[in-house]
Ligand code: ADP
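This document opens with one chain alone, in structure tokens, the form predicted on its own.
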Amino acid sequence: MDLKSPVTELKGVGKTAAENLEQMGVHTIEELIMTFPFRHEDFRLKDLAQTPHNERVTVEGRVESVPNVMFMGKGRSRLQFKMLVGNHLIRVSFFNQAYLKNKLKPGAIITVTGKWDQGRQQISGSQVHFGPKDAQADFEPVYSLKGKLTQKKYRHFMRQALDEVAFMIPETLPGKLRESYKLLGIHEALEGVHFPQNAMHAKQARRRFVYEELLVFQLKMQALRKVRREDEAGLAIHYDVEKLRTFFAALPYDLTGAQKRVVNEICKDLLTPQRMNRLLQGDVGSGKTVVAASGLYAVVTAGFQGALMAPTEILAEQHLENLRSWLEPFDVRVELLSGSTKAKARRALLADLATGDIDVLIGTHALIQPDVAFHKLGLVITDEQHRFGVNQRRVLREKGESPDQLFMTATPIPRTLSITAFGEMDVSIIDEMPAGRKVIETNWLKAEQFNLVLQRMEQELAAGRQAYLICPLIEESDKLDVQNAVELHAQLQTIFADKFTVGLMHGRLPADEKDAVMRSFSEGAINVLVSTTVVEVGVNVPNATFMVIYDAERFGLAQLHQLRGRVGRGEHQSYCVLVADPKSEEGKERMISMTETNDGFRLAEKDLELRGPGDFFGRKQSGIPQFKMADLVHDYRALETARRDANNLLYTDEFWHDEEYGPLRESLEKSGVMTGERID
């Protein structure tokens, strides 16, 4: 038997067990050993006097009463008895385990594990061990199993595998790294993960595998970044520093410290012969657009052209208005290309683009059409980059000869996620708001208080302002008891009849209708816009000061913050009202967090903590790997350390030639990153 032997060579692994293991991706003994438990059951005895309410607990004691079984219909039952634990006489309940009645004899010593109800002095049991605690391990691994496999049987297979072949598993972490961080060796760590002697042993074993897992991933990310920097020659764009200074001096306001820092990072990238590959994060209203404008102007002063691609026509038009106001005084020609551009105007525009008469072209997906040809493209900016596919961004990049790339997003991304999802990119963050910007007042009300919300909204409308009302669904649903946009639109039309106009927007409307509705709202023809989340990104209506989010508990914090950012863009005080009746503690915590802060980065960290990385973006994000052991929320320090170590290792001869680093080099070769391929 060796590491590559099939699991069927283990005693007890028959046809059914082998099929169940196969469903888990376990075919060989090595794969079995490297399948880690997702948690450990803690069976250490606890003092009930020191145990918090609702905590899982293990106690040892004597059965004090004959068990009583109550049948509740449909095969359900509850078994109850009294148990003396030290000086505590408590009740113990087991659900749907009536068969235990004949085994639980008064006077018997047993060990019970379950949830402790401090008020009722009761344990809702999940496990019972007949006899004193001494015969049971303090920690038992719990695995994610398939089919009919039981934890007990799986642990039996694991014990065999470790005893037979674990010694054959080679060490994969170099001695220097293990010594530096006092990490366990591979064999002791495997024993500690699967069968820890105590809590410290389990913790140290996990620590070793978390670091190794994150190091291997970061080596791949940093190697990809290194390969792209070395192999993909870019443009050294020597912009006119004095002209750029004149541009900043002409702005009607001073840049924030964060904006200045990011501008310097972008300008430094432009000067280098390596292609810029930078992600610009900035909260709603932090001033990303003027930073983008400075980058575009810089490349124009060096004789290059710039392109800015936006996800919607309305957003593209807003960029056009801003960029023209900033750049045209400096003799920079800015034009717009979209699906609405007429054929004759389009032909003239493309001709001027090809000759270099157009300096900056703004547009939607229309920019990536085959007949769009630039004269000398130096910088490509993609706004709300997550709204475009990888191929769409690539096609725009290929309109020039390795132009620099800047990706912008208004979704604040926690540092741990930016390191993993965008680890091969440089990341710039505008984490400071412009001076004088008013904080949006946010309140949380229950659905029964909706009339108060409407009264407050009407006051804003009467003062000449506009309002958004956001809800999760388009039409009534049998599955979800939530307010829907169509119904709410009809109600508000009745309530505000002859007073204010109420518009409706949702994702099922054709693109031209959506644009028409948004244009009417932007121009003030619509007073109240009832909408689904399609207004989440890129709409700038300074006169809109009131935002109502209905059924707010159904949105994540990041999305709630994005929606709130649609108001607060003008000179007037703005308000956001969350209408929600959350049933869970997590839902209540989200509402409270929204009322306590307007800081998108703080909310993003909280959102990650509450929802986990897989749901942070509202969908599966391909850049976020599924780790066996690491947790991006709790292991962020290990992630930072692994990133630093990976970056250092890749630039040392020792890593590329020393035999100890062979397993780490092998993981790079298998991943394909050394050829510049993106890893998932």
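All residue numbers are counted from 1 along the displayed sequence. Since this is a predicted model, take the numbers as computed values, not measurements.
There is another form of the same protein, the form predicted together with the ligand; it is not shown, and what comes next is about it.
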item: Pocket accessibility when the ligand, as posed in the predicted bound form, is superimposed onto this form, judged at 2.4 Å from backbone or C-beta; value: open
item: Region of this chain that lies against the ligand in the predicted bound form, out of 544-552, 349-357, 161-169, 251-259 [heavy atom, 4.5 Å]; value: 251-259
item: Contact residue in the predicted bound form, chosen from 122, 338, 289, 77 - any heavy atom within 4.5 Å of the ligand; value: 289
item: In the predicted bound form, the one of 434, 174, 303, 472 near the ligand [non-hydrogen atom within 4.5 angstroms]; value: 434
item: Residue 533 within 4.5 Å of the ligand in the predicted bound form, heavy atoms; value: no
item: Contact test in the predicted bound form: residue 283 vs the ligand, heavy atoms, 4.5 Å; value: yes
item: The ligand contact at residue 540 in the predicted bound form, heavy atom, 4.5 Å; value: yes
item: Any non-hydrogen atom of residue 155 within 4.5 angstroms of the ligand in the predicted bound form; value: no
item: Contacts with the ligand in the predicted bound form, stretch 167-181 (heavy atom within 4.5 Å); value: none
